[in-house]
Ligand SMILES: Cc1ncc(COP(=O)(O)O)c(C=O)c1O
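Let's start with one chain on its own, the form predicted on its own, as structure tokens.
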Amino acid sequence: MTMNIDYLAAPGVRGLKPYQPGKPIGELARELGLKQIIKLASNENRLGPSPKALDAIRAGLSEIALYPDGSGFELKAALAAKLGVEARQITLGNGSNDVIEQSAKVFLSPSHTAVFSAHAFLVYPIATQAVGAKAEVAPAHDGSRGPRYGHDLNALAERITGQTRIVFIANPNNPTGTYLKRDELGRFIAALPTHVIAVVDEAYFEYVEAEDYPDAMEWLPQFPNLIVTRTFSKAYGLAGLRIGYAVSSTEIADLLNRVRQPFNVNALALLAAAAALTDDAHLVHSLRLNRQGLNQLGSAFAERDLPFIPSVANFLAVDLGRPAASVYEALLRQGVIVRPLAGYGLPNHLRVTVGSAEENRQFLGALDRVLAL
């Protein structure tokens, strides 16, 4: 017997295209039989996690037969102390993707819309469509009034209607690395109608060193309709453990926790994240290496006359001046994994994660060989 199962799925799920992560090293090794591979595709911290986090993981191994603390009490307490918020304002997630999806489940329905920018994180349209809501995509800056490819707040505001329930703002944005300044973002959130929730995605917050970059959590007392999301996957080097969080009003946190899955964060992730918060020296080292890597890659692209989008995160998007898919495939054969951006509306761009100085050199050598073909 054959059945068309697809028609049984919810309408939003039927047409959904799953998120495509960066190609895993193991997959490329199986496909091409390569022994030496570098992955600069998923914006991981090449320095890795704090030694304190690794010690916490090792110490917790003997208890992995037990369920984790479903409330995440210890980690919430550590975050609350570090961030200057109340623990009951925090919602933990299986990565910040999880709390972004929780926001969509709570505030969106088929009668609502979500607004976000072109070239923004692909989880926003996925989370929106999965609950049957409609996405309104605002064009990004063309370079005449703001940084090219960056969020155009006027264009976002123009798409907000009575049906809008969420506006997603990535600051800094992935995959462009552009950011919104403190004054402009503050004015935008202040002007939002009371029926619109602002979800400010600060996954790369720790990497930003620009003086006019805002800490959106400082606005939580002013804006009860604000949710700020962050992650331990990037600067803290815990991507493999999948742990992130949202900070909001206690009322919003209560709603998010109603849809949060029980034990959505595993025991080792809770321990490692709490330990990582205590290692400021490791974070400072990570930021220093990232700054050096951004300069290394940016200078190399400039020497090669390859335009790139200035970034305050831990990656650069480079414009190859031609469809990037073939270059991406050729780099794979050289044992280098980066990220093509056609799915983000940037078909000529590759996004390159900042690696170690040696990994950056290997990537640039491979790129030179590919572009010379």
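All figures in this text were calculated on a predicted structure; none of them were measured in a lab. Residue indices: 1-based, along the sequence shown.
Although it is not shown, the form predicted in complex with the named molecule is what the next lines describe.
The stretch from 147 to 155, 90 to 98, 290 to 298, 183 to 191 that comes within 4.5 Å of the named molecule in the predicted bound form, counting heavy atoms only, is 90 to 98. The named molecule is not shown here, but in the predicted bound form it comes within 4.5 Å of a heavy atom of S233. Using a 4.5 Å cutoff between non-hydrogen atoms, L108 does not count as a contact of the named molecule in the predicted bound form. Shown alone here, A269 lies farther than 4.5 Å from the named molecule in the predicted bound form, counting heavy atoms only.
Although the partner is absent here, V115 is not a contact residue: none of its heavy atoms lies within 4.5 angstroms of the named molecule in the predicted bound form. Contact with the named molecule in the predicted bound form, defined as a heavy atom within 4.5 Å, is made by all three of F121, Y204 and R242. This chain appears without its partner; in the predicted bound form, the one residue of N174, S248, T128, S286 with a heavy atom within 4.5 Å of the named molecule is N174.
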